[in-house]
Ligand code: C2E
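As structure tokens, one chain now follows by itself in the form predicted alone.
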């Protein structure tokens, strides 16, 4: 029994000791908590006060820095010296108001009289004289500093004052030249005086930058309860106003979060562990949420919220091994003429088109497994669970239809088309190969004019590989000075006499490995890749050198519309003519009517500069573009060439023959020379001659031939005339 009592007493003693220890620990913890709360709140409050003081000091310094941008402006110094108040108001006063948001700007004469005064519409109370009088001691001090300064330097007097019961930063700086070209005698300086109120704009910056959501200014220290007030003082230390706000006290917030649960809890250990567990949980939850958000940003597009390229690549890696069991396809989508939207309406409108297209695709294309934005105007779809091209075709048609309706953007309605290309996934294919195939199919769709879709096939793959090979080889050939390239010449014949009056230069390419590459293959590649400007320049220089041997003949050279996109085409052409010693009057530049009608290319202006130097301009392939015959009147040209498609079909249909007659009549009515292309028969020649066509060219007379054969033709013509005379 005694052993039991002793054990109970021991247990009770231990319990009391544990309770006493717990109470002491609790009391110590409470004291530590209260001390930590007090220190934390004091530290937080002092940091907020320092931030506010810094913000006020920064406002004072910024005002002088704003003034410094104009006070050393020599033109402004001169205008102030000549009392040009109107100029100063427009170029200094309005600049300080509109750009730097100064509420009030004055320029003072050497006698402290206002020469110019600008204020914001919201200013009220007080006159210029009141402001000058109040700031007069600072103005005298400023002039003393200027008088003692050895050279022009940034001298300013600034202070915080009450103006119309509103605290404001006031700064004065003298107009001083940086050089000796303008002399300003000591004491004759004009002073720039600026005022910026510590009002709503200043408070808004405090609220945004320092999280003082309720910051406000009072003229008296009337802070109540938890509010704190910081005096706004001038240089003499006298409080002018008070900045009042409810300080953020993290210590009190922590105490409210921790103390109540601690008092209410019955078990200190459980409470501590509970609080600790809760804190860990919250931290873990916040960390997890942050990781989820970061992971989302890593795999999603910020503009549309769609998955991005990284997401697509991961999804491809997952689907490729499974594609044998369930059919899957990758579709690449590109918006045609999207660059024109950016150029016409701006990039903000371009972003709006991207967002609207994404929204249409999401709402109208529920079949898609994954819809991604790859960047720019490029998108991708991953379709799963499909087994036929017909399903993909139906899907692609719905994609194309998403762009049928115009897109509403700021400034108008934007119109784009959609091109799509798709490739099937296969377990034997690598990720890069699937991407390449879809890209090849998309390229095939865009090559056909866009607004359509195409499937990957060996033919499209071969075409794309061939195009890339042509691009690489053509670039290499041009880098080597036109290796493998040559120029052929087709004679231009006078209709009535049959004499050769000129030649048209046509580029040819005899590649050492690829053999003869037709212009229809490599010229479009050159235009798409930007190599056409170099190619045109090479053809022009080569043709000019050859045509020097044919005095009296005109030389016609085609210029691609894309060459006009590089500014200064006329300057480059004239430079080539000068280098090759070729007469500008013998050169004839052939351009399509679409190039002349494209105002953005600047072709009309460039060609007009060439015409002023004697170069002739011919409209090539006329009738195949988008202009009407009446539009020809506004196109400044010297010649119009009837397209070969009309000449070859002439006589087969009444419409084609009527078109040829109309072009000839209209050309003559406008004083233009008319040349018919593609003449291949005696019947065509006779009809064109009877219709009054001035010149002809085509296989009936001669195919394009090397320069040596042109020289031989001219020599034969001379001999023939000589025999006729004899």
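Residue numbers count along the first chain shown, from 1. Everything quoted here is computed from the prediction, not taken from an experiment.
The next section is about a form of this same protein that is not shown, the form predicted in complex with this ligand.
- Interface residue among 507, 92, 354, 193, judged by heavy atoms within 4.5 Å of this ligand in the predicted bound form: 507.
- Checked against this ligand in the predicted bound form, the candidates 323, 648, 542, 566 yield a single residue with a heavy atom inside 4.5 Å, and that residue is 648.
- You can rule out all but one of 656 to 664, 54 to 62, 41 to 49, 697 to 705: in the predicted bound form, only 697 to 705 has residues with a heavy atom within 4.5 Å of this ligand.
- Within 4.5 Å of any heavy atom of this ligand in the predicted bound form lies no heavy atom of residue 229.
- The closest non-hydrogen atom of residue 523 lies within 4.5 Å of this ligand in the predicted bound form.
- This ligand in the predicted bound form comes within 4.5 Å of a heavy atom belonging to residue 680.
- Taking the partner from elsewhere, residue 346 is found to have every heavy atom lying beyond 4.5 Å of this ligand in the predicted bound form.
- In sequence order, 532, 536, 539 are the residues of 527 to 555 having a heavy atom within 4.5 Å of this ligand in the predicted bound form; the partner itself is omitted from this view.
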